[in-house]
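Listed next as structure tokens is one chain, alone, in the form predicted alone.
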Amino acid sequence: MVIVRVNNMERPTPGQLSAVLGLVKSATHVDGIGPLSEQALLAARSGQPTSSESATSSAHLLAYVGAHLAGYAHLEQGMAGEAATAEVVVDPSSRRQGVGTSLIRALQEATAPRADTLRLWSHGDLEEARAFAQGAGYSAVRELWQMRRPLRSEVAALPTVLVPEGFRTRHFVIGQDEEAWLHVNATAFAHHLEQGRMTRHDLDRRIAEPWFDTCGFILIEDMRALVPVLAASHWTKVTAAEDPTTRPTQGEVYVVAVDPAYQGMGLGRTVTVLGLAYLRQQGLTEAMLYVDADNRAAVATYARLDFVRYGVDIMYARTVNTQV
């Protein structure tokens, strides 16, 4: 019988964090998809909470078989009563040994005092994850689609778009545009589980990432007032290829945000196309994005821009405390 020991901690040591990143790399190689979202990966890299908000808390759960790090889970809890969200990765060499079960049990115990529901992300909708979730009493509650489209003009041309009269485009300026962008992002994603809660801490953390590019962060401003007003934006993302000798081929439609006051003017489509054109100018051959499957308006908009579904992430949930 394999004995699994789970340590629950707020701030892992640098050595532990390094081992976690090695575990993530091994799982990605075997499964063909990363086991953690960007938010959880940022937390795993730094050992710090994903948000600076006092109402939220994060925990890192490390599962050991002997001295070997066999699994990792990141748990994020919101205000009391809100559902907690977790992501789990198990070393491919340690699977089917009770590591995942031990981590899930520890996550449920950590969640129950504060929330009634635990949500688990499965990236890639892997068959093993579906079977495990069903066996543990979890039900699918959300689908996040990954959609892709080619950028080469001979394969799929980009439509022509015009910025409305009285509006202008420019690039994001660090130290100037953070608060205005956060306001638009919060209002545009007021009902979104993750995006609408982005804080200045979250934004600054991403600006510090090596992939951040102000030229790929496109803003549309309303110039009809005395003071320009941010109306829409398209934040693109290009990460380096794993092989340092090769150039990346894929760019991401990272965040498209339109202030609700400017909806219905076609600014979302316009700024999206401007961002895709920028990615193509960088020599990239493919664009990708994430969108909730039940956001039919967004899915339809992206489909009209030649995006097609490529992969699916599934969120599972179950009640862990009926007394909250």
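One-based numbering along the sequence shown. Treat the numbers as computed from the prediction; the structure is a model and nothing was measured.
What comes next is about the form predicted in complex with a small molecule, which is not displayed.
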Discussion item. Can you pick out, from T85, T236, S122, N185, the residue that has a heavy atom within 4.5 Å of the small molecule in the model of the complex?
Written reply: S122
Worksheet item: Given that the small molecule is left out here, which of E286, E38, D292, D31 has a heavy atom within 4.5 Å of it in the model of the complex?
Response: D31
Discussion item. How about Q97 - does it come within 4.5 Å of the small molecule in the model of the complex, if we only consider non-hydrogen atoms?
Written reply: yes
Discussion item. Even though the partner isn't displayed, in the model of the complex is E209 close enough to the small molecule, meaning a heavy atom within 4.5 Å?
Written reply: no
Item to complete: Indicate whether the small molecule has at least one heavy atom within 4.5 Å of a heavy atom of V229 in the model of the complex.
Response: no
Discussion item. Please determine whether T101 contacts the small molecule in the model of the complex, using a 4.5 Å cut-off between heavy atoms.
Written reply: yes
Worksheet item: For the chain shown here without its partner, which stretch in 150 to 158, 89 to 97, 164 to 172, 221 to 229 has non-hydrogen atoms within 4.5 angstroms of the small molecule in the model of the complex?
Response: 89 to 97
